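This document starts with one chain, in the form predicted on its own, laid out as structure tokens.
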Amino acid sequence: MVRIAIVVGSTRPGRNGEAVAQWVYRLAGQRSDAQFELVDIADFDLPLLDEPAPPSMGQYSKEHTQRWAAKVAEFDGYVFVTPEYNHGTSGALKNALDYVYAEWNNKAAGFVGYGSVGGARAVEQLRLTAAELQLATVRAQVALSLYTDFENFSVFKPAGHHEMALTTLLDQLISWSQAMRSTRAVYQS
């Protein structure tokens, strides 16, 4: 069975990402075709990239990097829950993505964005980063509006139609995560 991480992509105090990730996790937990785990980048205390060697070399010298690499390596796919800050993803999520390399390769990713325009620009930015990390991204995504899916911009109350979008995202992500296993097997042998 494939393992999917639901990654909380913000470390900001009072962030909306925790509630969104919990919603994704709750709905994903109703499925029997994959295992899901919440992964909060805030739990890893990653400073601004501080490894002396490029991540593509896989020479992780810091304990926090080794812990993060081990966690990322556990999964076949990822749902990135991202805010949109200034037309992009959070610096914390970008930093977490940049910390490791091979651990992301030949896996699948999907996106749940939130912001004034549903996090659309943050997701587009993440798709570019994912391509360089050799993450295959699924087309379906969830776009949550701060105006209509959050009361007072802070209490998460998603519109019902988002459940269908999340179901489609998870259907695609699980299928792609399974398919990418054979790709990883070719490169690991």
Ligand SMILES: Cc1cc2nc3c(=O)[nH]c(=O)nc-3n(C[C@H](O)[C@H](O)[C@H](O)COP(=O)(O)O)c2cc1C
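The structure presented is a predicted model; accordingly, all values stated were derived computationally and were not measured. All residue numbers are counted from 1 along the displayed sequence.
Here the subject shifts to the form predicted in complex with the named molecule, a form of this protein not shown in this document.
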Worksheet item: Using a 4.5 Å heavy atom cut-off, which stretch among 117-125, 26-34, 60-68, 44-52 contacts the named molecule in the model of the complex?
Response: 117-125
Fill in: Partner proximity in the model of the complex: Ser10 to the named molecule, non-hydrogen atom cutoff 4.5 Å
yes
Worksheet item: If you check in the model of the complex, is Leu146 within 4.5 Å of the named molecule, heavy atoms only?
Response: yes
Discussion item. Does any part of Gly77 reach within 4.5 Å of the named molecule in the model of the complex? Heavy atoms only, please.
Written reply: no
Discussion item. Is it the case that Asn16, even though its partner is missing from this view, gets within 4.5 Å of the named molecule in the model of the complex, heavy atoms only?
Written reply: yes
Item to complete: Any residue of 40-73 with a heavy atom within 4.5 Å of the named molecule in the model of the complex counts; write them all down in order.
Response: none
